[in-house]
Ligand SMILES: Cc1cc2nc3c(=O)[nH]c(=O)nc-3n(C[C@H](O)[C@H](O)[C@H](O)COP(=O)(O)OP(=O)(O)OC[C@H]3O[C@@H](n4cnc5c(N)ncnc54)[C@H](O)[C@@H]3O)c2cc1C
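Next up: a single chain in structure tokens, the form predicted on its own.
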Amino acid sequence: MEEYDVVVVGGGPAGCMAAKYAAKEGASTLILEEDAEIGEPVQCAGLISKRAIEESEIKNSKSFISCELKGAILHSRSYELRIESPSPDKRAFAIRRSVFDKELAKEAQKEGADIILRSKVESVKKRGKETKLTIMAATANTNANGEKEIVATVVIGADGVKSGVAKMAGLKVAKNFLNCVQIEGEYEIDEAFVEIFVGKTIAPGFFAWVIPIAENIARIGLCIDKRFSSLSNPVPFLKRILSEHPVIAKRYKGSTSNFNAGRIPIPVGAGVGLRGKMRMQKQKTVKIDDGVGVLLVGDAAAQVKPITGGGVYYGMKCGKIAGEIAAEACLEGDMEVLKEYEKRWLKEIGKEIAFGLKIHRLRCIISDEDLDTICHVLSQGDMMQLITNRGDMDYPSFVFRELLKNPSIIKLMAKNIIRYLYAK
């Protein structure tokens, strides 16, 4: 039996950052990763901001950057909107997620965290009045019963959308999910711009994307919200755009590699607090039980951007908070400290997620004609200036709040208000 202050289940960006900061604060820390390698299999579009790269604290960013992107092109049914980044500080980057995750894991190890691979956590539970959680994991080094026994004071669940830790702790932060699929293939690339494609026949409830990663190689993928789709499987939608979409089919050269699929959690919801301010409904990402505690972070805690689906930046940011708080609780012997985790991460990104959920709900119910209206409004001089100067892929709410003040968008919303209120 091995004993740690903090055990992190999951070796993705959120988990590695949590482990790094727990170890950095002086707590004995272990990462348990189910797969044979950190970063594999990849289940991510691999698009992050410069701010996210800085948040990672990885010094050699060249090791994982595939392509620096100059901006984005938004395609609706009738419009094509080109948005250029005004400066390198505003640019996004296509990254090799497997390399990125491995670098984060190395940083955690440098701070003193241990890692055990091929470790599937079977149970997390408290035994009687013991002040430790017992973690049973199937690993390469097991006991006679085929399991390895590890004990910890705090367990951090960073094990993704299907979080076993969340289920074992009785925590649930997402009821619905986006179903996503992506390939890499030969694609005619004119410039290093991300392309976004919207429309109900393209990707109902979300969007499709093309992300350049090398000369004439791109990631092509999409997500759907199955609650607003005739199909729950995104693959037929991907096949359709590859063969029929007037832009994608023309430039896609037919080769396919690195197929991957995954899910993105949709947080439980948003509410309106005092003074009409939007806030997240009370989350349940912390559980305290008589001297031990469980925290959730990253996709396990649905810490994602509902507008874009991105979770790497939020996961790392919240991972730092989780690691610091978990270490403090262990070293002080006071599990009540863990309550600060939820307060801190909600203060950091709660309002952004709450607003993003409103936008996602609107996106799911409006028509392709409405999407054309939005693209037309965005293309107007004042809005383009605003997007160029104030647009932020990590905190997109500012631009969308300004968009909602436009008379054409107010009219659009009024037309859809009944559908919006009664959408699932």
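Keep in mind that this is a model prediction, so the values were computed, not measured. A residue's number is simply how far along the shown sequence it sits, counting from 1.
The next section is about a form of this same protein that is not shown, the form predicted in complex with the ligand.
In the model of the complex, K200 stays away from the ligand, with no heavy atom inside 4.5 Å. Proximity of G262 to the ligand in the model of the complex falls within the 4.5 Å heavy atom cutoff. Heavy atoms of E34 reach within 4.5 Å of the ligand in the model of the complex, making it an interface residue.
In the model of the complex, no heavy atom of Y252 sits within 4.5 Å of the ligand. Between the ligand and the residues I374, C67, L47, L357, the one pair within 4.5 Å by heavy atoms in the model of the complex involves L47. Proximity to the ligand in the model of the complex, taken as a non-hydrogen atom within 4.5 angstroms, holds for one residue of T285, T153, S76, S119, which is S119. Proximity to the ligand in the model of the complex, taken as heavy atoms within 4.5 Å, picks out 292-300 from the listed stretches 76-84, 224-232, 105-113, 292-300.
Within 4.5 angstroms of the ligand in the model of the complex, the stretch 1-30 places a non-hydrogen atom from each of V9, G10, G11, G12, P13, A14, G15, taken in sequence order.
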